[in-house]
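Take a look at this one chain, the form predicted alone, written out in C-alpha cells.
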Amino acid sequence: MPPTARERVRAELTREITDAARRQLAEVGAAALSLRAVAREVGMVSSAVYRYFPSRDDLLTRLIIDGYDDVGAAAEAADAPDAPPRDRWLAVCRAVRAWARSHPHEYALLYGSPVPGYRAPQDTVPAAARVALVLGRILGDAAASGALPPAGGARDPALISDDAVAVLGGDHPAFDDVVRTRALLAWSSLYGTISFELFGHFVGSVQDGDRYFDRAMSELAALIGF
C-alpha cells in the first residue's frame, strides 16, 4: 500500500530535520546538539519539531540508528560471499574505513566519546550489530568451508557472552575461546585503527595511511586464521 500524502510529508520533514541535525554535528558536535537550533535551520517552531522528536535524546537516537544502518549497509555491500575469507575481511574493513572517512562526524557520534547525559536505548542494538554480523558471517563461512583448523579448547562462559558467540559465527568445531577472542580483538582493532586515523593520532607515525590500514587488517586476518 503506497504511503498517504500525510505520511509522505512527515517522512520529508523528518529527513529535513535529521539532515539539519547532521550539519549541527559537524558544526558544534553531538554534546551541543540543540532541537531549537535544528528547528531554526529548517524554518519550524520548536514545538513543531517536538512532534517529530520529543527530546534531543530521541533525535540523537535516530541519528545513531541511521549511522549504524548506513555503515552496516556499506559493509554488507562490500562482502562477496564467493571470495576467500581473507579477501572478504579486507573488503569489508576497507568499506567501513571509507564510510568513516566520508562521514567523520557521524563516525565520531557512533564510536567517539559518549555524549554527556545520553544513554543509547536497546533500539540501537540491531543496527549497531550489522557490521559485526557481516564479519561473523565471514568467520562462520570460513569454518564451514574448512578454511579454519579444528579447535579443541573448552569454552569459558564468563569470558565471552552468548550474544557475542552467536554473532561470531555461532558454534562450530573450529571455534573456541582463542578464536573468538582473536575475532573480537580484530573487530575492535578495526575501529581502533580507524579512530586513530580520523582523530589524528597517527600523525608523525604513519606515512601512508592506505598501506598501513591494509597491512594492519591483513595482520588481523592472519591472527584470526584466514
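Computed from a predicted structure; not experimentally measured. A residue's number is simply how far along the shown sequence it sits, counting from 1.
Just so it is clear, the following notes concern the form predicted together with another copy of the chain, a form of the same protein that is not shown.
Contact with another copy of the chain in the model of the complex, judged by any heavy atom within 4.5 Å, is made by just one of V178, A26, V45, A166: V178.
Among the residues P54, P157, P173, G170, the one placing a heavy atom within 4.5 Å of another copy of the chain in the model of the complex is P157.
Within this chain, L184 lines the site of another copy of the chain in the model of the complex, having a heavy atom no more than 4.5 Å away. Of the heavy atoms in S145, none are within 4.5 Å of another copy of the chain in the model of the complex.
Among residues of the shown chain, R40 is not one whose heavy atoms approach another copy of the chain to within 4.5 Å in the model of the complex. Taking non-hydrogen atoms only, R215 approaches another copy of the chain to within 4.5 angstroms in the model of the complex. Exactly one of the stretches 71 to 79, 92 to 100, 109 to 117, 136 to 144 approaches another copy of the chain in the model of the complex with heavy atoms within 4.5 Å, and it is 109 to 117. Taken together, the three residues S188, F196 and R211 all lie with some non-hydrogen atom within 4.5 angstroms of another copy of the chain in the model of the complex. Contacts with another copy of the chain in the model of the complex, taken as any heavy atom within 4.5 Å, map within 201 to 226 to H201, F202, G204, S205, V206, Q207, D208, R211, Y212, R215, A216, E219, L220, L223.
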